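Quick heads-up: it's one chain on its own, the form predicted on its own, in structure tokens.
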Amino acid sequence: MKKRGMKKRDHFINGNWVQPGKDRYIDSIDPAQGVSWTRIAQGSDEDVDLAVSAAQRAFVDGPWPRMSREQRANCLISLADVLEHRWPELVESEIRDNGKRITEVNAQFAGLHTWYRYFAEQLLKLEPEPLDNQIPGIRNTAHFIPYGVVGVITPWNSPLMILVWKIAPALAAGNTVVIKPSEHASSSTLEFARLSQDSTLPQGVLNVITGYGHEAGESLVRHPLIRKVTFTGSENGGRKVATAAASGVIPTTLELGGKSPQIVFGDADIDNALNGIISGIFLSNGQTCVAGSRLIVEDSVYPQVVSKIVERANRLKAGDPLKLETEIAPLANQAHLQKVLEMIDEAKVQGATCVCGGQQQYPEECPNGFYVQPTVFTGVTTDMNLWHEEVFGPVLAITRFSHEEEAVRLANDSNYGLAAGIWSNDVDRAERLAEQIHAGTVYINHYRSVDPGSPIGGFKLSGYGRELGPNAVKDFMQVKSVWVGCAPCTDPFPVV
């Protein structure tokens, strides 16, 4: 149901708000209430071309390519200054779009400015690098050159947090960007674009096109002026992006799904492990690629761990995500709710034992919202879909192991490889296992940490390429090898 006079949100192109060329809009549904609360522009090929062309002009003809590293770093710092003081203006739009709890959003947004500052500092450290060569009288240097216009496609679960991982290093590298957020959660990105107008970032450097992936998203990836694409989303979406980008020989970075294992040994600090397990699967409602959705517990502590997880999960209170006391928020949209409920029902049919939750729930203050109970399954075997398929919801699959080799085998029994957790007081053993586990990030005795200096990315179907880390800025640049002759060239055809 639509509200009369509901706000329409247009594209952000070249520093201006631009109505969609076909005058089409998409309703954004508040997942806590189940009703439309705003409308976003439904982008077309025409709209994408306007945005990419604006970004290309800014990259070629505007002040951006003529800035020194110090000037470009100051633009990022200016954007950070705006965010540091005005981030509360962004909070409600993200919650109304995707239902994330206000405590989580506040924590993310209060620190957004630090990421831009970090990559401004990294930019100032970037220098041409001398290269070794064995040719006498020749000096060889690697120079790092921005790609140009970067297409940035973000998901609905943490739009602005994941956006900063992409555009802060991309802008530091000297690129311009066109952002296509998820159609389920575009509002906070548009509000961020509004705040960017009060920074010193030149017009056209940052642009936002909204709409569906199969329209605006595909058009962006296939645009002939796009030089690199960075995508976070589902495995299926990643395949489509990679296919479209390959047609134009466009490099991509893909951060896709996960089915991350957490291994609990009998010698672990169980209370500490429980905090990490609960955080890994029920924080953000399991709607995170690194959700610790497969729990592998040693026999000696299996009953204790299961009992404590169930007791903690049953205490979690669902409610309005805009209230600080809420512990369980809604899933992000109705289609996703149905998918999660279907996977829960399928696990029951396949023989897993549901020891907690397993149903849709209807909080008194949000009876029409997209809520599901925190759910725990035991007796999960490796032939069940719940073991292999990403739920992206608050659903934990538990199995047990009796020896170290079995734990590693179970952890690696997945087509994904994004993250993993190991809980043990024997750190030497944990570090040895970390080498054997097929995942881009392995946490030992904690879970879900993230830092701009540490790379994020996956093995196998979890994607390729890395975000963040020591090479994050260079990942948005091309290498140019420059040779300088320090001695006269020899005449190749001397007169005899």
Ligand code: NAD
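Being a predicted model, the structure only gives us computed values, none of them experimental. Numbering starts at 1 and follows the sequence shown.
Although not depicted, the form predicted together with nicotinamide-adenine-dinucleotide is the subject of the following passage.
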Within 4.5 Å of nicotinamide-adenine-dinucleotide in the predicted complex, heavy atom basis, the matching stretch of 191-199, 227-235, 373-381, 75-83 is 227-235
Decide if the three candidate residues 212, 257 and 390 all line nicotinamide-adenine-dinucleotide in the predicted complex, where lining means a heavy atom within 4.5 Å. yes
Check residue 312 for me: does it contact nicotinamide-adenine-dinucleotide in the predicted complex (non-hydrogen atoms, 4.5 angstroms)? no
May I ask you to check whether residue 308 falls inside a 4.5 Å heavy atom distance of nicotinamide-adenine-dinucleotide in the predicted complex? no
Residue 165 near nicotinamide-adenine-dinucleotide in the predicted complex, any heavy atom under 4.5 Å? yes
Can you tell me if residue 204 lies within 4.5 angstroms of nicotinamide-adenine-dinucleotide in the predicted complex, counting non-hydrogen atoms only? no
In the predicted complex, the residue from 414, 157, 293, 187 with a non-hydrogen atom within 4.5 Å of nicotinamide-adenine-dinucleotide is 157
May I ask you to choose, among 273, 149, 418, 172, the residue with a heavy atom within 4.5 Å of nicotinamide-adenine-dinucleotide in the predicted complex? 418
For the stretch 168-190, return the residues whose heavy atoms include at least one within 4.5 Å of nicotinamide-adenine-dinucleotide in the predicted complex, in the order they occur. 180, 181, 182, 183
